[in-house]
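Just one chain follows, in the form predicted alone, and it is written as structure tokens.
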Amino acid sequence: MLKIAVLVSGGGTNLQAIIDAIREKRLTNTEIVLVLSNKADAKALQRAKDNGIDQVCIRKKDYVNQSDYDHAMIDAIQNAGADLVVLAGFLVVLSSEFVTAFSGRIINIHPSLIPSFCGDGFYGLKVHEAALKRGVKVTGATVHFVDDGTDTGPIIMQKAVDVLDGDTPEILQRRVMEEAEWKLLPEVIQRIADGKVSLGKS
């Protein structure tokens, strides 16, 4: 059984996609053992509670320094017994100390086809605004392993989504979520649970 900790900052739609996939048995041999957020009002925490999943809020401002904050998160994840850390809209830059603690065991979903529209400053609607401004005809989502850089770790899987005439950032964001993110993330987790992807290698 693959035990995962899901880290989120907001609404938790990708978390919900994982929960639904497990409930509907599209994602097997996987259990969410912890949902961790840096925001107390994150809807994702309520989603976890509604589904009987342990949840915790760990806010950076409650800690004296980065190292103490890192260790609080590391301890919570390790105490939950998680094998894999899933970043599902977690808008916190992870330190090298955190990444090292779970080396090869952290994945992230990003709403573009990396290396396009990724790195520092590219998150949420900003990604889709940039894609539309550039005039690309295809965008999508990427799941990758996390390293010390921002969106620079090895790519595991990608899924393309067409950009349509009349798209706004909000419309494109929704299509990328529905057609790519919500399908891709459970699929990658299943591959990891099945031993088809492991330790930083796709």
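For every residue, the number given is its place in the sequence shown, counted from 1. If you're wondering where the values come from, they're calculated on a predicted model, not measured in any experiment.
Beyond what is shown, the protein has a form predicted in complex with a small molecule; the following relates to that form.
Contact here is defined as any heavy atom lying within 4.5 Å of the small molecule in the predicted bound form, and by that definition each of 124, 177 and 181 is a contact residue. Of the listed positions (88, 131, 73, 85), a single one reaches within 4.5 angstroms of the small molecule by any non-hydrogen atom in the predicted bound form, namely 88. Contact annotation for residue 109: at least one heavy atom lies within 4.5 Å of the small molecule in the predicted bound form.
Contact check for residue 190: no non-hydrogen atom falls within 4.5 Å of the small molecule in the predicted bound form. Contact annotation: residue 186 falls outside 4.5 Å of the small molecule in the predicted bound form, judged by heavy atom distances.
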